[in-house]
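Below, in structure tokens: the form predicted alone, a single chain.
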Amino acid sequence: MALGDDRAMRVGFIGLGIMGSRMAANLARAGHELTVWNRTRAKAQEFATAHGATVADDPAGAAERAEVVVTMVVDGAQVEEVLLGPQGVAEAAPSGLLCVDMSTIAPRDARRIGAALAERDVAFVDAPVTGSSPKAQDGTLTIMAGGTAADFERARPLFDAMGEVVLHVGELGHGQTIKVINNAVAAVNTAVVGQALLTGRAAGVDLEALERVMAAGSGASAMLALKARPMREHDYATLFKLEHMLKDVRLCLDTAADAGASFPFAEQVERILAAATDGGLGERDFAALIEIVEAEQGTRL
């Protein structure tokens, strides 16, 4: 059967962090044969024991027998390192290998890495995700993939195991472009929700009532549903790290500049996220941006 049919595929999976470990687990549950690599070998070994995977010694080892290699790491520099660096995937890439990067990186980096892989006859798709760890856990992520239609279809069985909304959004780099715009909107929305709650507090209204009315009305949003309670309770258990959101907002601003566009609200939330990171909150969930909004207004929820 050709790639794209519903059969078990040999998959190299690189990056077993908050998101990657959950996404890889869904591939294993779907019956795909996984060889995994992670910077911290103990984490890879723990995953392999739990899910019947094989642990590779390096990224090249994850690629040796693979039909598809999936990367889910922090940034463009790490994607380039594991794919093109020493002991990287390209060193051991079998004929016909497809690399699918599901990290969030600069669109220009996705195009450059894709071009470098193409010189080695390795196909590349940029397929970032949105949905945070709960949706990674239950396989209901939204996946936006850039690349050729043929390469998208080759990866489709894997996408279907990890996501609920799976879209081919255009040429290489367009997946990343859509992702960073989306994340900038999420960050701006979260800051606005925090400011709305602080305004309600200052006005003396019942914040529970305010939250319920917004959720039922035109003020509803995914960030209201996900972040209002953590901000009110100052509970920043990490679903999506604040420092990663700062990175994504900066990527969006770079992408806007490259396109000759402006995004002033994203510039404002970049300042808030940067201040939160400087304040030691980078490892916490990005709901922690409320700490900066509160400090600027001189009050707390």
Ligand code: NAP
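When you see a residue number, it is the position in the sequence shown, counting from 1. Note that the structure is predicted; figures quoted are calculated from it, not measured.
What follows is about the form predicted in complex with the ligand, which we do not show.
- Partner contact region in the predicted complex: 245 to 253, out of 263 to 271, 245 to 253, 47 to 55, 25 to 33, criterion any non-hydrogen atom within 4.5 Å of the ligand.
- For residue 16, a non-hydrogen atom is located within 4.5 Å of the ligand in the predicted complex, even though that partner is not displayed.
- For the chain shown alone, residue 239 is a contact residue for the ligand in the predicted complex, at least one non-hydrogen atom being within 4.5 angstroms.
- Although the partner is absent here, residue 103 lies within 4.5 Å of the ligand in the predicted complex, judged by heavy atoms.
- With a 4.5 Å cutoff on heavy atoms, residue 194 does not count as touching the ligand in the predicted complex; it lies far away.
- Contact with the ligand in the predicted complex, defined as a heavy atom within 4.5 Å, holds for exactly one of 143, 82, 180, 158, namely 82.
- Scanning 117, 73, 97, 198 against the ligand in the predicted complex with a 4.5 Å heavy atom cut-off leaves one residue, 73.
- Residues of 36 to 75 that come within 4.5 Å of the ligand in the predicted complex, judged by any heavy atom, are 37, 38, 39, 40, 43, 72, 73, 74 in sequence order.
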